[in-house]
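As a starting point, one isolated chain is supplied in structure tokens, in the form predicted alone.
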Amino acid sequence: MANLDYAYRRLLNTLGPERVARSEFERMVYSHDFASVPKIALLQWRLYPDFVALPKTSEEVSALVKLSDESLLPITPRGGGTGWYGGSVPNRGGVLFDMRRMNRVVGLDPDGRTVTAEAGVTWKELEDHVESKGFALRTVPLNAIGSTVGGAINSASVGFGGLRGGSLRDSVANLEVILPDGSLLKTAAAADAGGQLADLTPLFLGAEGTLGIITKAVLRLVPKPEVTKPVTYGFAEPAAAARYLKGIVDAGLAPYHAALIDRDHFVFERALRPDSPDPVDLALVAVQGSKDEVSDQEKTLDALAKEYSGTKLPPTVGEGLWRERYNNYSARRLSRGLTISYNLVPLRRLPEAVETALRLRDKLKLNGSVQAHLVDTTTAALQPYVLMDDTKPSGGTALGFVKRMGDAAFKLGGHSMGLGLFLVFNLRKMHGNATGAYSAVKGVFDPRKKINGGKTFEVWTKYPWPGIRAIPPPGMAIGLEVAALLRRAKPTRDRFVRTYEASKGG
């Protein structure tokens, strides 16, 4: 306790009392990310940080990182908390850095077509800013309202715009990173990269905050399109919508965004909002360009949809979905929780992947929706979500779906996305013997493993004793497989929609 009191005083001296949180309620808010964490997880991890620090400058982040060498408390960096598998959640308490106070758009270079933003800026805020200046972001994460610039880079997010604008990696020109020793690194050669003629930017994309703390990013821009028009088409089944998405690429088309949403998503939406679109398996496609270009693209998409037995839906459907494109998971209000299985699969196998997700969902007696979108000309993102009530002992068994769906993605020639606390076993499945190289890189940057440690090559627990202080990654795989088996043994399917509607009637 004395060490914690000393650490608290040092934090106060660095940031002031208004930017250091210690109360139980404030710490509880940070004990989970977007997905629900089963309460049983508290037996394994210290999910509540000891303190929450809210830095405003890179210099303050550096000072806090150096302070960790005095207090020996681990550091967990966090952006908007929109991750799904515990990547920004503590496993041994410590100090959580909430980066959302670093929320300035530092500047926009119209000649160089770049914008510089601090790590805590949300993508929606940044999108609004650059569009007001006549530019557009090349790609935007799906959950742009809550997702921060630094958080999305750490998780290598995919989302809107990838088919035309390239990946997030293509968009990032330079990063400012505070390393575990407290020093500042600028990753791109044009920014000197610490005096080394090398571009280290890709090293931090998808590193999940384990190699350093991103404080600023320079992102490449494109001119703002004259028109953005969403169009929607209904299909007889989700796999038919998936075949249509593949057909868009096969036809050589490159819309800004193309996604499928199954009818169950709209069943949930209708339970919450009676004015939601009628439940239907649909494809949502957004086209951009001049008025003439958009008109020509729409006609081509219309003709292509007919080839796949699709029916064009009223313009109001697409317009409404596009306005709400960043609010995709309101169904969690039906069940007090929701978890998402985020995977990349080969585009040629997307119809099969969609059918696999539906089959797994039904086999585990879950309520959920299957959704997907184009990432590039060869890859699709498949992100089905399922409802779960984490206030009940059986709620955590829904995480078994994430494990089974990830396994299926690997069999289809793809892989799951994200590691965090739950999916560390996928690192070796993705990289094989090269996994040791990632461990070596971590050892060079962070030999004491003080920044987001215990979430890649091993899973730290809250216990200090040898033998149980860390769990080998396969141990987490076994735990989630047991959850899937328990879920499958559940005698009935959850009926969150029916329960919700009954409560409204009461």
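Residue indices: 1-based, along the sequence shown. All values reported here derive from a predicted model rather than from experimental measurement.
Keep in mind that the form predicted together with a small molecule is not shown, yet the notes after this line are about it.
Only one of 348 to 356, 244 to 252, 82 to 90, 310 to 318 places residue heavy atoms within 4.5 angstroms of the small molecule in the model of the complex, namely 82 to 90. Contact annotation: Glu208 falls within 4.5 Å of the small molecule in the model of the complex, judged by heavy atom distances. Using a 4.5 Å cutoff between non-hydrogen atoms, Gly146 counts as a contact of the small molecule in the model of the complex.
In the model of the complex, none of the heavy atoms of Ala331 sits within 4.5 Å of a heavy atom of the small molecule.
Contact check for Ala380: no non-hydrogen atom falls within 4.5 Å of the small molecule in the model of the complex. Taking Arg361, His265, Arg404, Arg78 one by one, only a single residue has any non-hydrogen atom within 4.5 Å of the small molecule in the model of the complex, and it is Arg78. Interface residue among Thr232, Thr187, Ser341, Asn154 relative to the small molecule in the model of the complex, by the heavy atom within 4.5 Å criterion: Asn154.
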